[in-house]
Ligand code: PXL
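First comes one chain, alone, set out as structure tokens in the form predicted on its own.
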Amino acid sequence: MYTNKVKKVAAVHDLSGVGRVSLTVVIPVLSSMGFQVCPLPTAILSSHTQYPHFSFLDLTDEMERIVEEWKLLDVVFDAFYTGYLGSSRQVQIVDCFIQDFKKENNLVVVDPVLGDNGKLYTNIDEKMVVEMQKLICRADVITPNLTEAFYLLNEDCKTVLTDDELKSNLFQLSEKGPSMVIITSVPVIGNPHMTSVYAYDKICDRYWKVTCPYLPAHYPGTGDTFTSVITGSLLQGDSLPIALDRAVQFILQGIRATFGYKYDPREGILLEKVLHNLDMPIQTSSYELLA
């Protein structure tokens, strides 16, 4: 059997022709960090769903055929990275895919895309939440935003939380299986100009926090970009706090590179202007250890 000269990442995401989201973000980020991305596309769209209209081709049936072909080829992956999944059946396909292909030292990263701002996305229902609760049990790393974290825990959404409450949420999610839990988009109490990311490393039993400036702009795909950098950082051997720093700083650089232009924000951050920064060492360490 051949061994991978470059680590292979199976990336289960949709593909949008316009707008820097999902695979059009995942592939350049991970490729820039030195990894081969093997897409398992869930759907093809003319543009992402925040545009007023778009074409949509569901690839659920094709996903199963692709996986069967990979079995015949005896493809070996080093990591599995899932993002937006369009139905409970797709979640089940991915669950079986990971079970069939996962080796002992593989990394499994699940970005449980369910909702934001305290509610589920339009096409996500409670059945999907239940299936995602099962899928995160297979993950080594999960990266829910604050809304998704509460849905995964079957709790009412809150926006004002203490560090102790967030640590409890992180620990409860880790008890479901993941060794690393990262919660994004956490508001900073009393400071609307800042936002935080909280994380827990179960193996080291340490809680981490990174706070960064919040700019009043919304760019689709920043969550995909963040988790892609996290995935690449962990694959190249970074510790969790360094991976957090790298991802937060990269997103901030991307937003700042984009914010000053007269520009349609639906296209996402100007990724091409900052990709080279992924080769640079961390400029400043902004993480802190929570007692």
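Numbers for residues come from their place in the sequence shown, where the first is 1. Small disclaimer: the values here were computed from a predicted structure and weren't measured.
Below: the form predicted in complex with the named molecule, not depicted.
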property	result
Non-hydrogen atom within 4.5 angstroms of the named molecule in the model of the complex for each of F80, L107 and S233	no
Any non-hydrogen atom of D245 within 4.5 angstroms of the named molecule in the model of the complex	no
Any non-hydrogen atom of F101 within 4.5 angstroms of the named molecule in the model of the complex	no
is_contact(Y198, the named molecule) in the model of the complex, heavy atom dist at most 4.5 Å	no
T258: touches the named molecule in the model of the complex, heavy atom cutoff 4.5 angstroms	no
Contact stretch among 29-37, 233-241, 42-50, 57-65 - heavy atom within 4.5 Å of the named molecule in the model of the complex	42-50
Those residues of 4-26 which, in the model of the complex, come within 4.5 Å of the named molecule by heavy atom	D14, S16, V21, S22
